[in-house]
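The chain below stands alone and is given as structure tokens, in the form predicted on its own.
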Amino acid sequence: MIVLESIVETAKNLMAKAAIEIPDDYLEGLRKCADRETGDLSAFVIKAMLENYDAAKEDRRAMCGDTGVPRWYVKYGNQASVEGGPVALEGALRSATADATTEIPLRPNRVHPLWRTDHNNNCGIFAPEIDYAFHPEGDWIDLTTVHKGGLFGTDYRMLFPGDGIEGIKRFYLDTLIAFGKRGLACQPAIVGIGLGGSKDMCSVLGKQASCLRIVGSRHPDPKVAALEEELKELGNTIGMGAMGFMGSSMVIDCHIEVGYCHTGGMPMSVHMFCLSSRRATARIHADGRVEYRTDPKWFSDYMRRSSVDWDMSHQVAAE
């Protein structure tokens, strides 16, 4: 059984890692952007951000003054058991969020939408968000925290089958240009695209694609993977670079996740992660071991299954 004390301590450590230690995959992608950037101001911004990341890690301080809105992704191995059950788990994650807000510190960004009530701890009604996934085997749980900017960087449109791939490209470019011109995203960024599903599932898939896949990863469907590569390159041809300045580094990577949708539609969502790509993951085992990593390994063959029943003979690895 996984004890609550381990969950609270691990969750607090993850909050600090996400706020302070930028993942290596994102840093490598940003360095590649710096190498190919054609705009002087954009290149200057990228260089300054890389220096800022180093300073934040050395000083153990959050690398951005706006630490976004912390949220949690929890993946259960099928044999996992948590002391006190799911309710206790959620209580532990909320407690860790409140403690981390004070101790790291994080900016307390969560307020009531109407009364602007602020508890100064990033907790409140439906905050922090906690999303769940499951794995066919294992007695562990994976905890992932993501600190994503909570204002902009997201758009949605109901496309139709007749729009096809060209319609996807048009909405993608429209969105990136609007974000860049209006200052609605902090780029270079990982762009996540949700295709299909219901409207809410489409948005969930797009956000998870941007926040929970590492730079350089590709969808297992080769045609989707090819579209990811094409959209990445296309996004860097619109004349925008870091933070909206002229340049050639709008997109560090593009990830697409798909879901089955209504026969008459093709919903699409576009999400941009922050220039400070803040995420951290740990696996807590039943024997008390904790393994930290920066790759959430959120998506699996099991999660992407299209059949009615899951065939255990597939023997999906515990990632």
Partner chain sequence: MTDLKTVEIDLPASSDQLRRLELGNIVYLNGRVFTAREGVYKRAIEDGFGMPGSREGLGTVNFHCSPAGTVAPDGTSRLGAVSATASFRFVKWFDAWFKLSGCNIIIGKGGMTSDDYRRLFVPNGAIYLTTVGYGTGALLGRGIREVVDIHWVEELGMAQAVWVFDVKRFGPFIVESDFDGNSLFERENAKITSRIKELYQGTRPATLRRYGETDDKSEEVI
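Positions refer to the first chain, counted from 1. Predicted model only: the values in this text are computed from it and were never measured.
Omitted here: the form predicted together with the partner chain. The next part is about that form.
Interface residue among 285, 31, 293, 61 relative to the partner chain in the predicted complex, by the heavy atom within 4.5 Å criterion: 61. Residue in contact with the partner chain in the predicted complex (any heavy atom within 4.5 Å), chosen from 135, 232, 148, 157: 157. No member of the trio 82, 131 and 289 reaches the partner chain in the predicted complex with any non-hydrogen atom inside 4.5 Å.
Under a 4.5 angstroms non-hydrogen atom cutoff, the partner chain in the predicted complex has residue 276 among its neighbouring residues. Contact annotation for residue 127: none of its heavy atoms lies within 4.5 Å of the partner chain in the predicted complex. Though the partner is left out of this view, residue 139 does not reach within 4.5 Å of the partner chain in the predicted complex, counting heavy atoms only. Although the partner is absent here, residue 162 is a contact residue: one of its heavy atoms lies within 4.5 angstroms of the partner chain in the predicted complex.
You can rule out all but one of 139 to 147, 174 to 182, 210 to 218, 86 to 94: in the predicted complex, only 174 to 182 has residues with a heavy atom within 4.5 Å of the partner chain. Although the partner chain is not shown here, in the predicted complex the stretch 47 to 61 places heavy atoms of 47, 48, 49, 51, 52, 55, 56, 58, 59, 61 within 4.5 Å of it, in sequence order. The pair residue 36 and residue 182 is at least 3 angstroms closer at the CA level in the predicted complex than in the present model.
Annotation for the pair residue 40/residue 182: C-alpha atoms approach each other in the predicted complex, by 3 Å or more compared with this form.
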